[in-house]
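Here we start with a single chain on its own, the form predicted alone, put down as structure tokens.
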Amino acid sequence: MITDFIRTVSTWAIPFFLVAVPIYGVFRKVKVYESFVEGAKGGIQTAVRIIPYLVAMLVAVGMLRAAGAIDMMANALAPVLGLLRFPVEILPLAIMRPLSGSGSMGIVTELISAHGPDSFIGRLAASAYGSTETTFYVLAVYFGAVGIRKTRHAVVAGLTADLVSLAAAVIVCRLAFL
């Protein structure tokens, strides 16, 4: 019953908002189309401003993966992670996720292909992917869009949140699936 309700809401949510927002704007006497065009112009200007930051981030991630640095770090940390009961197979995902969404999705895909979607590793990979963030990508895009050069505590706070989310994913998956 709840599944049917969620399926119905998810099917109709976007079409509802695509119709409701312009209607609401008309009732509020907002020039809906002109406002939309102004927002689109602002979006294009923002995209142009952040392109250098995106290119730099994607090149750095590509270099790390191609050089094998992520696999080397995973191998070096394997003994410590074994003591913490952290599956070593997930470490490349944990390293890549703060850097790149598409790179980490590739790792999740590889893990699920190798271990299966219903395996502990497959479920943990999906949970870790969904509960963590692309911290450096987000900082590069959002801080770059507004011209902030000094990130101060944002990097530490973002990586701490990623670490806590990853630990929570491991704990919850161990409780739920083992």
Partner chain sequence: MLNYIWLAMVILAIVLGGINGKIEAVTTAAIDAAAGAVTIAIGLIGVMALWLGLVKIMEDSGLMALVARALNPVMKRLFPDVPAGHPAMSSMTMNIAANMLGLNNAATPLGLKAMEDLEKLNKIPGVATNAMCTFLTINTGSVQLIPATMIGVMASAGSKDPTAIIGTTLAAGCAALIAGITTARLLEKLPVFAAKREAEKEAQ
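Since this is a predicted model, take the numbers as computed values, not measurements. Positions refer to the first chain, counted from 1.
From this point on, the text means the form predicted in complex with its partner chain, which you will not see here.
Asks: Given that its partner chain is not shown alongside this chain, does I6 nevertheless sit within 4.5 Å of it in the predicted bound form, heavy atom to heavy atom?
Replies: Looking in the predicted bound form, residue contacts with its partner chain include I6, since a heavy atom lies within 4.5 Å.
Asks: Hey, in the predicted bound form, is L178 touching its partner chain, heavy atoms inside 4.5 Å?
Replies: No, L178 stays farther than 4.5 Å from its partner chain in the predicted bound form.
Asks: How about A94: is it within 4.5 Å of its partner chain in the predicted bound form, going by heavy atoms?
Replies: No, A94 sits far enough from its partner chain in the predicted bound form that none of its heavy atoms falls within 4.5 Å.
Asks: I'd like to know if M73 sits close to its partner chain in the predicted bound form, meaning any non-hydrogen atom pair within 4.5 angstroms.
Replies: Judged by the heavy-atom cut-off of 4.5 Å, M73 is in contact with its partner chain in the predicted bound form.
Asks: Enumerate the residues of 151-177 that have a non-hydrogen atom within 4.5 Å of its partner chain in the predicted bound form, in sequence order, or give none.
Replies: Result: T151, R152, H153, A154, V155, V156, A157, G158, T160, A161, D162, V164, S165, A168, A169, V172, C173, A176, F177.
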